[in-house]
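Quick setup: one chain, the form predicted alone, written in C-alpha cells, and binding and motion questions come after.
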Amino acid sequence: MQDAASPEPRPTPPHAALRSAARAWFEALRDRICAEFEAIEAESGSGARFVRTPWERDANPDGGAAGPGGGGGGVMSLMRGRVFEKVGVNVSTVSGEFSEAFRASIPGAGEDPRFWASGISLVAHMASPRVPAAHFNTRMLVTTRGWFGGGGDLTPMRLEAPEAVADAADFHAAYRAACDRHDPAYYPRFKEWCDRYFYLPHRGEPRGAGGIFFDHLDTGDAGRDFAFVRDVGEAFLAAYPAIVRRRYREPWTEAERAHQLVRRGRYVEFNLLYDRGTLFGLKTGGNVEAILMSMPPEARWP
C-alpha cells in the first residue's frame, strides 16, 4: 500500500514515450531545411552558410533550479546571405518546472509543474521584397498531459500583388494536402485558427497571407498526431524553397524595399506583443538570442 505521505504518482501521457523520436525528428528536419537554404544561396553565387551556436538552460527564469531532470538547451542556426537576408532555424529540448505564475496557463501543469518540451522554430527574412518572409514551427510538450502544436505562415510584402496571390495559393495547397492525409477537417480549422492568431488587432490587419496554426493537438493517438506533425514539416520543406527559387532573381525597386521595411515593422509588433512562442521561451528560461531570432535585421516605421 502506498504511504499516505508519499506524493501521488505522476501521470504518464503516451507522448512521453515519443520524446527521443520527436527530438530526433526536429533536429533532422532542421538539418534538411538548412541544407536546402544553403543550396539556394549557392545557386545565387553566395557562399553563405549557417552558423550554429549551442546553448544550455540551467535555471528557471525566477532564479530557482530547473527542477527535477531540469535543464536542456538547444542550437541556434543563423545565416545571413544574398537571398536570405537573415534566416534562423532553431531547435531546443528543455525540461524543468513552470513558475507558479505561468503553470496555470499550461494544460496539466497545475497538477504537477514539471514539463518537457522539444521543437523546431524557423523565421526567414528575405533580401528581396519580391520573396515572401516565412515562419514555421512544430513542437511537442509533455506535462501530466501531452500534445503537439505548430504551423507555418507566409508574409508577402504586398498581399494583393498577383505573384503574392500565386505564392500563397501554392503554400496553402501544400498544407491542405498534408492536412487532408490525416483529417479533412484539419485544414479549414487550422487555416481559420492561423488567420485569427496571426492578426494585429491594434492595426486591424493580418500579418500576412496565413497558413495553418494548431495547438494542444491530442486526438488520443499520439503516434498519429506525430505523423501529422512530420507531414506539416515536409509540406513546408516542399513549398517554401520552391517559392524562394521562383522569386529571388526578379528585379525590385527601392520603393518596394522601403515598403518591405515597413511590413517588417508589423512583424516586430506581432512577435513582441502577441506571439505565444516568444512568451513561452522567455517564461521558461530559454536563450534570449534564440527567442528573438525572429526579429528582422532591419525594419522601419513610417
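Fair warning: this is a prediction, and the values are worked out from it, not measured in the lab. Heads up: residue numbers just count along the shown sequence, starting at 1. By rigid core we mean the largest C-alpha set that fits within 1.5 Å across both forms.
Beyond what is shown, the protein has a form predicted in complex with a further copy of the same chain; the following relates to that form.
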Worksheet item: At 4.5 angstroms, heavy atoms only, are 33, 189 and 195 all close to a further copy of the same chain in the predicted complex?
Response: no
Discussion item. Is it the case that residue 43, even though its partner is missing from this view, gets within 4.5 Å of a further copy of the same chain in the predicted complex, heavy atoms only?
Written reply: no
Discussion item. Residue 17 versus a further copy of the same chain, in the predicted complex: is there a non-hydrogen atom within 4.5 Å?
Written reply: no
Worksheet item: Taking 4.5 angstroms as the cut-off for heavy atoms, does residue 274 touch a further copy of the same chain in the predicted complex?
Response: yes
Worksheet item: Any chance residue 269 has a heavy atom within 4.5 Å of a further copy of the same chain in the predicted complex?
Response: yes
Worksheet item: Which of these stretches, 132 to 140, 114 to 122, 201 to 209, 221 to 229, has heavy atoms within 4.5 Å of a further copy of the same chain in the predicted complex?
Response: 201 to 209
Worksheet item: Hey, which residues along 260 to 297 are within 4.5 angstroms of a further copy of the same chain in the predicted complex, non-hydrogen atoms only?
Response: 268, 269, 272, 273, 274, 279, 282, 283, 288, 289, 292, 295, 296, 297
Item to complete: Could you tell me whether the Cα atom of residue 294 shifts by at least 2 Å between this form and the one not shown after core superposition?
Response: no
Worksheet item: Fitting the rigid core first, would the Cα of residue 17 be found 2 Å or more away between this form and the one not shown?
Response: no
